[in-house]
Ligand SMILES: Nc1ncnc2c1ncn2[C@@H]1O[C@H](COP(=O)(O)OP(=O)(O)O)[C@@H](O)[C@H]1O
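The form predicted on its own is given below as one chain in C-alpha cells.
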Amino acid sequence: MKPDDKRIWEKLSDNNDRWRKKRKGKEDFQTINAVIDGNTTKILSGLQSKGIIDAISGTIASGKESGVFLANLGPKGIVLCQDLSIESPIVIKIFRTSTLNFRSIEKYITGDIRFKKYSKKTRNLVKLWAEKEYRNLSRSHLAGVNVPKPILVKNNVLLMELIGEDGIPCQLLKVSSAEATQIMLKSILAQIKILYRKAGLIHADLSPYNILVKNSTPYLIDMSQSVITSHPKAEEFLERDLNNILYYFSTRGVNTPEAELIFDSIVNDELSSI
C-alpha cells in the first residue's frame, strides 16, 4: 500500500475506524485513490455524521466514470431504507470528478427537456450526471422496471439498493453464461419495452455489462446516460440497445428475432406482445 493510498482512506476515518476496511486490498485503495477527492470526502463524512451511512465495507467495481462500493447503513439510513424496503448493505456510486468530460456525455444531455440549462464546468456536469441517474432510476422503478431502487443523491454521490443476496452483489449477465437463454432474452426485451412504454426512457447503453441477474431475473443498471423517448436520438439509441442484446445472445447460441420486429413491437404494439 502506497502512503498516498493510505492517506486517502484515512481521510474518511474521521479519527476513528468507521471508514476503514478490515481487509485492505491493493485494488480497493487504488479505486479509492482514483475516485474520492476532498469534496467527495466531505459529502461522505456528512452522510456519516447524519447517520445515513456507517462504513464502506468493500469495493464492487471501478469504471472510467465511477467507483462502486458496498456500504453499511447508519441508524437514520436504516429507518429511511425500511420505508423503501431496502436492507443493509447498500451501494454507493461515486462519480469521478476528474475524468468526466462534456464531449463524452453531450449527446445524452442535449435534447433532454429535463436538462435544458446546465453548466459545462466539470464539477457541475458530474453533479448533473449523478442526478440524471437518480432521476432515471426513480422513474424506472415507479414504472415497474427491474432496477436498483435509488435512495438519495448528493452532488457526485449516489446511494441505491444493492442487487444481491446476503450482502453479496449479483453477477453481471456477461459473466453469468448459464443465464444466456431464450427465457432470459425474452425477459430483457420485456424490460426494455416497459422502460420505453411506461417509464418513457431508453437505456442508451444497454449491454451484458449493464445487466445484473438475480434469481434468473434481469436488472438494468448504469442509467446516467438514459434518455427520454422524445430525445432526438431516441430511436438510434433504442436500435443500438437492441442490437447489442440480440448480438450477445446470438453468439451464445440462442435463436434471436429480427431487431426490426422487436423495435416495432416496443414502439408501436401492445405492451404484452413481446
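The model shown is predicted, which means the values in this text are computed figures rather than measured ones. In case it trips you up, residue 1 is the first one in the sequence shown, and so on.
There is another form of this protein, the form predicted together with this ligand, and it is not shown here; the text below is about that form.
- Checking Ile194, Val91, Ile151, Met184 for any heavy atom within 4.5 Å of this ligand in the model of the complex turns up a single hit: Val91.
- Note on contacts: among Leu172, Leu80, Ile105, Ala190, the single residue with a heavy atom within 4.5 Å of this ligand in the model of the complex is Leu172.
- Residue contact check for Ser226: none of its heavy atoms lie within 4.5 Å of this ligand in the model of the complex.
- In the model of the complex, this ligand stays beyond 4.5 Å of every heavy atom belonging to Ile43.
- At the 4.5 Å threshold, heavy atoms of Asp222 reach this ligand in the model of the complex.
- Under a 4.5 angstroms non-hydrogen atom cutoff, this ligand in the model of the complex lacks Tyr247 among its neighbouring residues.
- For the marked spot (Leu201, Ala204 and Ile266), a heavy atom within 4.5 Å of this ligand in the model of the complex is absent from each of the three residues.
- None of 72-80, 109-117, 164-172, 138-146 except one has non-hydrogen atoms within 4.5 angstroms of this ligand in the model of the complex; the exception is 164-172.
- Scanning 180-216 for heavy atoms within 4.5 Å of this ligand in the model of the complex gives Tyr209, Asn210, Leu212 in sequence order.
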